[in-house]
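First comes one chain, alone, set out as structure tokens in the form predicted alone.
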């Protein structure tokens, strides 16, 4: 943004106001969305300088934006995506319509291995070009921060190529971006009968180079039958920790294997998917600061259960929402649609989904210090809505874009 100071005036409601010491919200607190009616907000040098009731509006600024009848809230923080990928998998979409399951498609060479083949054949510049288009699209939906995983390379060259693309995206894009190394996404065909050899490749060759180039902020593992066992996940997480990479793991998508407790033991920042969860997992989450992340777009698209968010929240836990944007199981980066799905299919309130997609999403990708709330001193990554009557209008009009403008600052 060019102007040094920007004044938003006549804001119908300024939502998501928090003290700086609130890192995330959980349980009943998720239903509370602190706000001011008829408000102003002043931005200076890309940060929130002040806000309050219109009666106390500053007299001048370099730019003034009239937000009459509009709401202002923190930009979405999408903490789980696979946004860098090659091509698409609409043929698998057609196969699912014909009755094949996600697992059956994967067993015959589709799924992650299909994307890996395409990615390894695609030049880095093409991956960058396509990813930039996707980032521009999700910004229009109000996303201001996004986590992007590797995991479609599954070779030394392919994984590094993906992570280098993400590093370039960080330099180019106005979005705040975090990179996650997901080499442990699936076992390549050459290693199907020798898992340890592939784990050695990840740990002994990929990780040192990734650390040397500063290519990742997190490490991830897909813990599931026919992918990575709990013991294999722990081996990867231990190796990542030695290079200062906290875990963000895929777990409990199709089966409960004990991965949640293991992830918590390794101080993972988040546990993602959780379409299936038991009382032992909930008890383990209670004793942790690990964020449960739900991905309702994936549940809708491949027709699997939705994360039982109501059960988690009623048990006093936090929940974050993310898109899982990827070519196979969630080909959409629209956080507004995710919020609608969470209200409709997970019985979350509009206030709960806003908190899940802002402050809790920020925590799940470790950007809660600069982003996720309306707080003096934080970066002014904001959504200005179209004219709406209430916060419920945002998820209510499912499939439409309630965002008039997203203000983002490097």
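Numbering follows the first chain given and starts at 1. Predicted model only: the values in this text are computed from it and were never measured.
A second form of this protein, the form predicted in complex with N-(iminomethyl)-L-glutamic acid (NIG), is not displayed here; the remarks below concern that form.
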Original post:
in the model of the complex, which of the stretches 246-254, 155-163, 133-141, 278-286 has residues with heavy atoms within 4.5 Å of N-(iminomethyl)-L-glutamic acid (NIG)?
Top reply: 246-254
**OP:** Would you check, heavy atoms only and a 4.5 Å threshold, whether residue 326 touches N-(iminomethyl)-L-glutamic acid (NIG) in the model of the complex?
**Re:** yes
Original post:
Just to confirm, residue 262 within 4.5 Å of N-(iminomethyl)-L-glutamic acid (NIG) in the model of the complex by heavy atoms?
Top reply: no
Original post:
Would residue 233 count as touching N-(iminomethyl)-L-glutamic acid (NIG) in the model of the complex under a 4.5 Å heavy atom rule?
Top reply: no
Original post:
Closest heavy atom of residue 102 to N-(iminomethyl)-L-glutamic acid (NIG) in the model of the complex, within 4.5 Å or not?
Top reply: yes
Subject >> Answer option from 216, 338, 291, 298, heavy atom within 4.5 Å of N-(iminomethyl)-L-glutamic acid (NIG) in the model of the complex >> reply: 298
**OP:** Consider the chain as shown here, without its partner, and state which of 237, 202, 112, 210 has a heavy atom within 4.5 Å of N-(iminomethyl)-L-glutamic acid (NIG) in the model of the complex.
**Re:** 112
**OP:** Please state whether all three residues 82, 89 and 222 have a non-hydrogen atom within 4.5 angstroms of N-(iminomethyl)-L-glutamic acid (NIG) in the model of the complex.
**Re:** yes
Original post:
Though the partner is not shown here, which residues of 185-200 have a heavy atom within 4.5 Å of N-(iminomethyl)-L-glutamic acid (NIG) in the model of the complex?
Top reply: 185
